[in-house]
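Form predicted alone, single chain, as structure tokens, below.
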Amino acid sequence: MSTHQHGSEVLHLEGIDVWFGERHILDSVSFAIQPGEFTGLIGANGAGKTTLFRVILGLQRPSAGTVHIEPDASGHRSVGYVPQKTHLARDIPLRARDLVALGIDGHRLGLPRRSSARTRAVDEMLDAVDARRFANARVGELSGGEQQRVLIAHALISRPRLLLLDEPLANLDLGSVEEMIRLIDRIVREQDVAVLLSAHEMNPLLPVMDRIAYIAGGRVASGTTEEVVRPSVLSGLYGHHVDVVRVHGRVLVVAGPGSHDEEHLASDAAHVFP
């Protein structure tokens, strides 16, 4: 847990529990994010990452615990969100710049008011994500990586203090993953926004993460990578012995024989030992 005062935290989760019937999805999850921090929420599919995002967004009421999000100057919860791979139909009648602009006034009824200030704000955000070159293309005709840029610009244009990115690296090739990580890291620094990014693999994020929130079995350990990605900490999360091997600047988490996490952990190994 950070030593910063509670009032300076963009997000503070305390003792979050979520039960779905007899299933304990989140188990006493507590961690905080400071302004401008890049935090990776790392865990296998089904570990509880999306449920945790839903709790933060207010879409899922926790069974226990509290969520504090520092409001912006106007008193609003200041959170931007890019959901896990949104399919945008090819014939959707929106240009990239139109979708970004909806982040300003999409919640209002009627046609948006055109103004030079609004156009300038859209152009600035398109530039921030390197998307100006396809600003007038239909969003459904863009590549997956290009759509991701537009969706991030859409989430950022309201100037949130916290940006949630749900698996933005999924289904991208290795080159696109590296490009997207560089982009998000630059956005964190230039836009002064805290980012919580969920992923099932930590290695691509190691150079840019300030902190990690590692989730397994509904429990979370948070801190720096050195504090969290250790056999003693991860063994406690998984409930059985886990080894951590560092090779050529990458991390391999290895479970014992018979672990139900072996398939996930083996997929990490493929990135370490090509």
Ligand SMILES: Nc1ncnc2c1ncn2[C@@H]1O[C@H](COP(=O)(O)OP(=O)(O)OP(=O)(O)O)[C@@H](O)[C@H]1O
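Residue indices: 1-based, along the sequence shown. Here the structure is a predicted model, which is why all the values come from computation and not from measurement.
The protein also exists as the form predicted in complex with the named molecule; that form is not presented, and the subsequent description refers to it.
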ask   = Heavy atoms within 4.5 Å of the named molecule in the predicted bound form: does E167 have any?
value = yes
task = Using the partner position in the predicted bound form, report whether V29 sits within 4.5 Å of the named molecule, counting heavy atoms only.
result = no
inquiry  = Given that the named molecule is not shown alongside this chain, does Q84 nevertheless sit within 4.5 Å of it in the predicted bound form, heavy atom to heavy atom?
reply    = yes
ask   = So in the predicted bound form, does any heavy atom of V220 sit within 4.5 Å of the named molecule?
value = no
Interface segment, criterion being heavy atoms within 4.5 Å of the named molecule in the predicted bound form, picked from 64-72, 37-45, 234-242, 220-228 = 37-45
message = Can you confirm whether R23, T50 and H200, the three residues that make up this candidate site, all sit within 4.5 Å of the named molecule in the predicted bound form, judged by heavy atoms?
response = yes
